[in-house]
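Listed next as structure tokens is one chain, alone, in the form predicted on its own.
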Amino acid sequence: MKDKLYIFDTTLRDGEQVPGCQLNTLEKIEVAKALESLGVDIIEAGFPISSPGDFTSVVEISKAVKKPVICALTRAVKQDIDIAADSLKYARKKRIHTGIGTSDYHIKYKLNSNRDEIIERAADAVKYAKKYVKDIEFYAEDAGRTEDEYLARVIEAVIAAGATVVNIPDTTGYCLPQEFGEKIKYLKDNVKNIDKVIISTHCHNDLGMATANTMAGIINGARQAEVTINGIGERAGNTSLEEIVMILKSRKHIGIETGINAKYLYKTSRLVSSLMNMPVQPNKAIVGRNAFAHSSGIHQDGVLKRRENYEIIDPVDVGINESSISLTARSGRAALKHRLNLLGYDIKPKELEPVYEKFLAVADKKKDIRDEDLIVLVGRKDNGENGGKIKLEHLQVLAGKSTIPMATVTLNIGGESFTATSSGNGPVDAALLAVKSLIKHDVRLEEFLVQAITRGSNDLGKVHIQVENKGSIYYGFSGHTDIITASVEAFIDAINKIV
């Protein structure tokens, strides 16, 4: 029988501490519900004493979410614990997460205390919290830089005081994986009654080792991992939920499983990215745009022959429909032929070579090879003179602080002009809804990313859009000094690829 790893998600607490990424209560509830659907075991909903907004969020999340344990963070301070207990009054399953710094750095320079006093304060906080709830997690802040023997004394004291979970954070992301794994093993071997509690990891990514350290902790006996969606968090971030889940799913010989429904990973990643206005880096493991994209000719040929040649994870398993074959100057004949086949062209072997030579000449000059480029390369056009293409003829937008955003769009579809007007949550939303009302295809916007290319108020903005139609993903791009125009043109670019 496999061991269970409890997934403790702190996206709404540690993740939300990223500057500029704060959420309101309604947005936090939306994320919490998504985490519940994902199957996380514990949601750290906030630090209630830090602000009235955090307190309210913990209260409302407790009402909205049924299955996960709802956790509130505190310092080892009675007032903190009182407020946390009050915020959890509606939670069906509740946990108080209290703790104190244990490294000499924190004891001397942050807390102006001494080792014996810290042990006493830690135990007292756990005992006090135990009056309110049964489930108490203790964190030894900066455990990564805490001497193992002293850390063991602290942990033994809080277990005796009633802690049910002991959190061993690498708060500054300082440890090497071997060091962190040995620290967990030392506690397993030297702390009285350690088998009566769950050991938790909470690793930061300052040196890029959060996931590796977390895995080292799990292999050495930790059975709770504190993680965030997309690895967001203080400074360089936290351990990424999706990475830990898929490592254990891919490496079944480890013998540890989670209760996470991995098919919701990509969807949840995009929700958090959108609400927090924090784009996921394209090369991010598991959920990045390029995580299942292949541009090297050797890789493309291998993937087309058998996916497992270059992919250890099936993209479907994380909620992505399929791998992406990106055509670049490094692409081979197999990838080109595959893409032309998808466009409806049956290229014979003797026809492929001259087309491939033309393709390389274009690819050396262009960063993005589009379907339109390929159509020209094979010497054929669609439906006459681009008759089936959709073009933007006119766009007028009404928006303002006290005005309902409205957009009027005129499209040229197959040589005829069609006009529609729509309202929306903003000018871009209104314009895209107007376009959708004029097209026959059922499309769902999956990703919307705006990037500034130059600087200043007259920036040229580049818009990247990803849409879904009948299970397939299509991309659209455009650049314009008017970001609304760029958004509409990028949307139409994606729709044209469906056509």
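Numbers follow the displayed sequence, beginning with 1. From a predicted model like this one, the values you see are computed outputs, not experimental measurements.
Just so it is clear, the following notes concern the form predicted in complex with 3-methyl-2-oxobutanoic acid, a form of the same protein that is not shown.
Between 151-159, 245-253, 81-89, 166-174, the stretch whose residues reach within 4.5 angstroms of 3-methyl-2-oxobutanoic acid in the predicted bound form through a non-hydrogen atom is 166-174. The shortest heavy atom separation between E489 and 3-methyl-2-oxobutanoic acid in the predicted bound form exceeds 4.5 Å. Not displayed here, 3-methyl-2-oxobutanoic acid is kept clear of E16 by more than 4.5 Å at the level of heavy atoms in the predicted bound form.
3-methyl-2-oxobutanoic acid in the predicted bound form is approached by H204, whose closest heavy atom lies within 4.5 angstroms of it.
Heavy atoms of H97 reach within 4.5 Å of 3-methyl-2-oxobutanoic acid in the predicted bound form, making it an interface residue. The partner is absent here; in the predicted bound form, the one residue of L73, A129, I286, V409 having a heavy atom within 4.5 Å of 3-methyl-2-oxobutanoic acid is L73.
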